[in-house]
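So this first bit is one chain, no partners, the form predicted alone, shown in structure tokens.
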């Protein structure tokens, strides 16, 4: 009987952990996507000073989230995000608007893909 109760407790803890991890991934994705909207509008209006400050805020948010995201997601995903953010900062520095906008959308898709990829679905299991 004790074994059954212990097994049920462990199973419930795993389910709660999965739910918490999924909610955390979605929250981090939302936190990182909001500055991308501001960055897009700043670049559209050629407001490079605002774009620079938004990019710095985005880098700080990534540094905060990167530590624990590495425990939950594939390191290849984090490497792609870091690479794309580096490209964005260089395109912003040299004011290469078309490349910057393309990489902002790439980063947006990478960030949106993380919670989808980690969600427990039949597609992700099989």
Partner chain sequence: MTISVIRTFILYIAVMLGLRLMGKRQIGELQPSELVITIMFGNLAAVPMQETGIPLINGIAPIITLVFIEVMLSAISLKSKRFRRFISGSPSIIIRRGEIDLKELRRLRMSMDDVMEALRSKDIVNIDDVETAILDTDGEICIVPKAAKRPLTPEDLALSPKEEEMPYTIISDGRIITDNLNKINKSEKWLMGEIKKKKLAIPDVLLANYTRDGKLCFKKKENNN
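These figures come from a predicted structure and were not determined experimentally. Numbering follows the first chain given and starts at 1.
There is another form of this protein, the form predicted together with its partner chain, and it is not shown here; the text below is about that form.
- Not displayed here, its partner chain is kept clear of residue 30 by more than 4.5 Å at the level of heavy atoms in the predicted complex.
- By the criterion of a heavy atom within 4.5 Å, residue 72 is counted among the residues contacting its partner chain in the predicted complex.
- For residue 20, no non-hydrogen atom is located within 4.5 Å of its partner chain in the predicted complex, even though that partner is not displayed.
- The closest non-hydrogen atom of residue 14 lies within 4.5 Å of its partner chain in the predicted complex.
- Contact with its partner chain, judged by heavy atoms within 4.5 Å in the predicted complex, is confined among 41 to 49, 92 to 100, 74 to 82, 54 to 62 to 74 to 82.
- Using a 4.5 Å cut-off on any heavy atom, the residues of 1 to 29 that reach its partner chain in the predicted complex are, in sequence order, 3, 4, 6, 7, 8, 10, 11, 14.
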